[in-house]
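So this first bit is one chain, no partners, the form predicted alone, shown in structure tokens.
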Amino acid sequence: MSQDTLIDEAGVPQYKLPDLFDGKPNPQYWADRRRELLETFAEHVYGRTPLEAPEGGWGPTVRSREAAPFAEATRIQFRIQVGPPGNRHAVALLLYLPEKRKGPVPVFLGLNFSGNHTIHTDPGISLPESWMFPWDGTGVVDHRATEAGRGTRAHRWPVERILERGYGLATLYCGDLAPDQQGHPRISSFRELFAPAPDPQSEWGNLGIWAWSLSRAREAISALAEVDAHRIIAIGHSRMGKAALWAAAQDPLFAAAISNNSGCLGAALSRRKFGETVAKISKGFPHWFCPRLSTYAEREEQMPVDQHMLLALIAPRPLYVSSASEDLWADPRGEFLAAVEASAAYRLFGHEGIAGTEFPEVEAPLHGDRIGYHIRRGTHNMLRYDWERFMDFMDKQWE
């Protein structure tokens, strides 16, 4: 963190959040208000997701279906082709399903940072063919995946435990469509498949593309008889948590959303200016957002939205927000307070959300009515402890 980063609660400025309901807190108005908020987030933060299909269309193909070499599970690998010959993009989608199941199963669906092969040592997972970000310890050589990367991020994806608890797990590599590098030519070639945004300042960034890919993956796995299409949960850590929230906000067919350590312009309130700020994120990662976002650097109070509004767009579907005690960059308290504020939208549907504003103790999960929260001991990561709490919460939703 830089020396000017605010990490002391005493320094948080006084702020006033924009009105979630625009003065009309009633269920009859919410559908219209929800559309307004989606439009505003698109115009000012994430960019406008094209409504039309991409040039050349898209289509998923099951490449393999085999028994996994662990537990009692099936491994299914898809290839989703996007675009016409000459500008075709391929997305590799990995799905694990438990063999012991009674009927279709709910599935967690999330983007990974380093390639599908990094979530488990399973030798049957296909290596990525696309450009790879060279994360430390992931075996990337000259921006290409290698066998050395297998299982190097397994601590974030406890596959066997997820299956044991009766859930499926699906994941795809974020860089297949939009590599996490400013100015990467693959991003611009993907955008060429769509008509440009009417306003260049609202052209979608990586977060919008990643969210779009989550919806395409949801459609692909929904077609399987073994998957409960009505219980697919968007999940993500850090920037992929931001993408999961934006995907679920736009796509009501996601049954629930889980954000882990998503921080600035994910679950945390921007007006607190705690940890990472709009100025820092728009300067460091401008390719994640629409160009207009940078105009709000150092002037969060002028933004027409704040992140409680994004969380409210999930209502009345289940929502879970999680933080880490040492991850002050992501503003744990700001993430919690956004969930508290979003509860007002849930009350329109007869759900309490999170009652009260008292910040919970570390590793004392608060599972409210349709909204859950916990703060884990430790640093910026997604670990088995987090997954156990996610599954505890989701189990209650299916009762």
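The model shown is predicted, which means the values in this text are computed figures rather than measured ones. Counting begins at 1, following the sequence as shown.
One more form of this protein exists, namely the form predicted in complex with beta-D-galactopyranuronic acid (GTR); it is left out here, but the text below deals with it.
Fill in: Complete contact of Phe254, Phe390 and Phe393 with beta-D-galactopyranuronic acid (GTR) in the model of the complex (any heavy atom, 4.5 Å)
Answer is no for this spot.
Discussion item. Can you tell me whether Arg239 touches beta-D-galactopyranuronic acid (GTR)? I mean in the model of the complex, with a 4.5 angstroms heavy atom cut-off.
Written reply: Output for Arg239 is yes: heavy atoms within 4.5 Å of beta-D-galactopyranuronic acid (GTR).
Worksheet item: Can you check whether Glu276 is within 4.5 Å of beta-D-galactopyranuronic acid (GTR) in the model of the complex, heavy atom basis?
Response: Residue-level check for Glu276: yes, a contact with beta-D-galactopyranuronic acid (GTR).
Item to complete: Although beta-D-galactopyranuronic acid (GTR) is absent from this view, report whether Phe113 comes within 4.5 Å of it in the model of the complex, heavy atoms only.
Response: Phe113: contacts beta-D-galactopyranuronic acid (GTR) in the model of the complex.
Practice prompt. Examine Tyr296 and determine whether its closest non-hydrogen atom to beta-D-galactopyranuronic acid (GTR) in the model of the complex is within 4.5 angstroms.
Written response: So Tyr296 does not count as contacting beta-D-galactopyranuronic acid (GTR).
Discussion item. Just to be sure I understand the contacts: of Ile76, Ala73, Ile281, Leu193, which is the one whose heavy atoms reach within 4.5 angstroms of beta-D-galactopyranuronic acid (GTR) in the model of the complex?
Written reply: It is Ile281 that has a heavy atom within 4.5 Å of the partner.
Worksheet item: Of Lys24, Arg377, His380, Arg384, which residue is found within 4.5 angstroms of beta-D-galactopyranuronic acid (GTR) in the model of the complex when only non-hydrogen atoms are counted?
Response: Selected option: His380.
Worksheet item: Want to guess which of 115 to 123, 310 to 318, 231 to 239, 267 to 275 is within 4.5 Å of beta-D-galactopyranuronic acid (GTR) in the model of the complex, heavy atoms only?
Response: Partner-contacting stretch among the options: 231 to 239.
Worksheet item: What residues of 312 to 334, in sequence order, lie within 4.5 Å of beta-D-galactopyranuronic acid (GTR) in the model of the complex by heavy atom?
Response: If the 4.5 Å heavy-atom criterion is applied to beta-D-galactopyranuronic acid (GTR) in the model of the complex, 312 to 334 yields only Trp329.
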